[in-house]
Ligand code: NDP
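Just the one chain here, the form predicted alone, laid out as structure tokens.
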């Protein structure tokens, strides 16, 4: 069995304890992951703190050079990283519409390179005979990154690359469900980045809690559940940490009567079931006008019935297993509630393979607001389709939950779709698409979906403080 180590101060560090990492496709143990102690977390934070002065003193161009070298080094290990992703997360290496491990790896490379190409330059607020006033942005110090199990490498890149580019140093804790790909990434990075600039510690909730309260960590970036985000916020208040919290969602899509069903069915399917539905910004509630409801249901069902769910290492697999048993049980419970309410299952809905955490692609209609499947984030391959007749009711339904990550409107009338989209209470609205993110487009949630912005210049600014410099000329 392959061995793994923590990355602290540019070195591989062993631990005295470890925990099992499970392959969700067959429930086998694929590795014993090093379990960091709180003392080792303290060592990682100390290493990051010690590396901060020299790393922050570099220019953007110098830090960019390191990050571009990192992208090149990761690319040379692409196949190894993709295989590890498939083994620990479950997603196929290729998968439906090429949205599997290769998609995550390619996205990580694109994000490193695109983000590393950015910079925050000083801004001149005033320049006259009296004075020149400038706005400068300075790095914060040590940033703590806590990442989830659905996109372990890609979301890690989303956290650490803007932090590093802006001059911060990082201590990173991946989910205990999927720590191995990130540890492999850390091994690659330690040979590219100066010692202590990026540290990777693996463990369970005690490590994340200790990071949130650590006096020498200036900011926490967290992607995960709303309850955990609230716990981090409470803990971080003691040291007045800055926070970026990208929390749970339950994104609604609204399909208008004039939508071109043939044109949009494939997009709706792909953006609902991307990563087997285990995507924060996936389309999770689909409100469809009654005039096109049956046509869209039929089109989606045809696509769904052509999909193969299985082991992600098999080349012809479209969708892999859910990542863990707890998430599988959530999906099963939501499906059971829908059945008890008389919902209609167009396809799927029953576990047929128990060798792994498999659940088939499932479409459900004849369901309404109030059902658990509609009101709770399923984070799995099951989509509720709700028929509506009045657009005002659909907008109210989309907005009635406490979350607000993303939303979408599907129509051939772009102006009308934009008008409706502007009324949705969410951080991102897509027109005739969903769940698409890119490095230069700011992304973040509202309400219980968190706060803070990722991506683009706005995302870079989240990792800096403002220093106003006033230069008087006489």
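Numbering follows the first chain given and starts at 1. Just so you know, these numbers come straight off a predicted model, no measurement behind them.
The discussion below concerns the form predicted in complex with the ligand, not included here.
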Please pick, from 313, 119, 231, 131, the one residue with any non-hydrogen atom lying within 4.5 angstroms of the ligand in the predicted complex. 231
The ligand in the predicted complex has a heavy atom of only one listed residue within 4.5 Å, and of 365, 218, 397, 327 that residue is 327
Heavy atom of residue 203 within 4.5 Å of the ligand in the predicted complex: yes
Is there a heavy atom of residue 247 lying 4.5 Å or less from a heavy atom of the ligand in the predicted complex? yes
Answer yes if any heavy atom of residue 149 is within 4.5 Å of a heavy atom of the ligand in the predicted complex; otherwise answer no. yes
Might residue 212 be said to contact the ligand in the predicted complex, defining contact as any heavy atom within 4.5 Å? yes
Tell me the stretch among 266-274, 223-231, 68-76, 356-364 that has any heavy atom within 4.5 angstroms of the ligand in the predicted complex. 223-231
Heavy atom contacts to the ligand in the predicted complex at 4.5 Å, residues of 92-109 in sequence order: none
